[in-house]
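The chain below stands alone and is given in structure tokens; this is the form predicted on its own.
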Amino acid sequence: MKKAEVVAIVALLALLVAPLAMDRYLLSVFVLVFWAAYAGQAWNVMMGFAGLLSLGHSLYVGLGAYAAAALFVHFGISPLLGLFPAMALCMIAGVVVGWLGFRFRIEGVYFALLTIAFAEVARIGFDHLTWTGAAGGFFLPVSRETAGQWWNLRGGPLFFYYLSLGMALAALGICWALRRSRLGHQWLATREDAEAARAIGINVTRARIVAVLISAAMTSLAGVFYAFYYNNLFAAQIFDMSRSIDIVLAPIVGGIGTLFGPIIGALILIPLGELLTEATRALGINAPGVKAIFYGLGLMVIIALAPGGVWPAIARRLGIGEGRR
């Protein structure tokens, strides 16, 4: 058995039994870690694999969340079924963004600005949509009758711990398969040199559109989870650019284009944020923005020590050898 497989099995077993030694707070922290790892993997499909910089992935989180939540609240449709319309809606939005970008050869930071614009339009739109609560918020009903109904994503911290862990593992498996597929090699060629990829017969536009579709569909599931975990939605929060930045940070810190980068990045960033929150509270520091300053300084240190991402550095030390393709 290879060293990488041994490490992966040990880590998985540890995560499966870890809840036995956790309280509710630690369970909630790990739920956020797994959610960030999953969403980071979804974003990594576009940027890490296909080279498409998106800073508006909150669009797909918000659309997925609102679609599934609205179907549940207004029509009583289980989120397990509502997930499919949510995915379809996000994929349609992804096609629109992708078509506009690729039709007019909008690339790089300009494509990123396009994704931000769509997320901002969605924020403004849902902030005035009365069917989903407008600016006052959209709240999902919680009752004793629905408690424990897993098909309605109802349960305690332990339920959401294993659900989010399963999502993160599923995303890892999907990305592993994609990266080794023919499509994955087309993405690699497109990411490194789009013109050269066209010259050897790769349909660059189609490859990029597929990357956007897969990424949007995966991110929609993160939105559905978000809606039924928090049981409330505010357009100003879920579509905000800061949500997109949170999604982006985990793969950047962990290692863009790697399989374990988003996971390692999430394992670093979420606990770091919680530690800073507790530290500033213990020190009695209540000034606005203090946590953000220390958080930013922490990110600067991490990036300075591992400019290519934390996971590639760890992989080299362990002799595993995974890096950015």
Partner chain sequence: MSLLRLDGVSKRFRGLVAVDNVSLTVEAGTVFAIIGPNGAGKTTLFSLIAGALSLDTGAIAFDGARINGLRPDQICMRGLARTFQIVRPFPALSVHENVAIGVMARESNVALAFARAEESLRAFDLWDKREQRASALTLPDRKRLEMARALATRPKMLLLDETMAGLRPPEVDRVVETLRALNRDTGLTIVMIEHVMRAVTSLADRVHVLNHGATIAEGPPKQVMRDPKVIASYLGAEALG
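Positions refer to the first chain, counted from 1. Please read all numbers here as calculations on a predicted model, not as lab measurements.
The form predicted in complex with the partner chain exists for this protein as well; it is not shown, and the discussion that follows is about that form.
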*Choose one stretch from 248-256, 132-140, 156-164, 200-208: the one whose residues place a heavy atom within 4.5 angstroms of the partner chain in the predicted bound form.*
200-208
*Kindly indicate whether 24, 28 and 33 are, all three, within 4.5 angstroms of the partner chain in the predicted bound form, using heavy atoms.*
no
*Go through 71, 241, 114, 188 and name the one with a heavy atom inside 4.5 Å of the partner chain in the predicted bound form.*
188
*Contact residue in the predicted bound form, from 80, 121, 196, 95 (heavy atom within 4.5 Å of the partner chain)*: 196
*Given that the partner is absent here, does residue 145 sit within 4.5 Å of the partner chain in the predicted bound form, heavy atoms only?*
no
_4.5 angstroms heavy atom contact with the partner chain in the predicted bound form for residue 180_ = yes
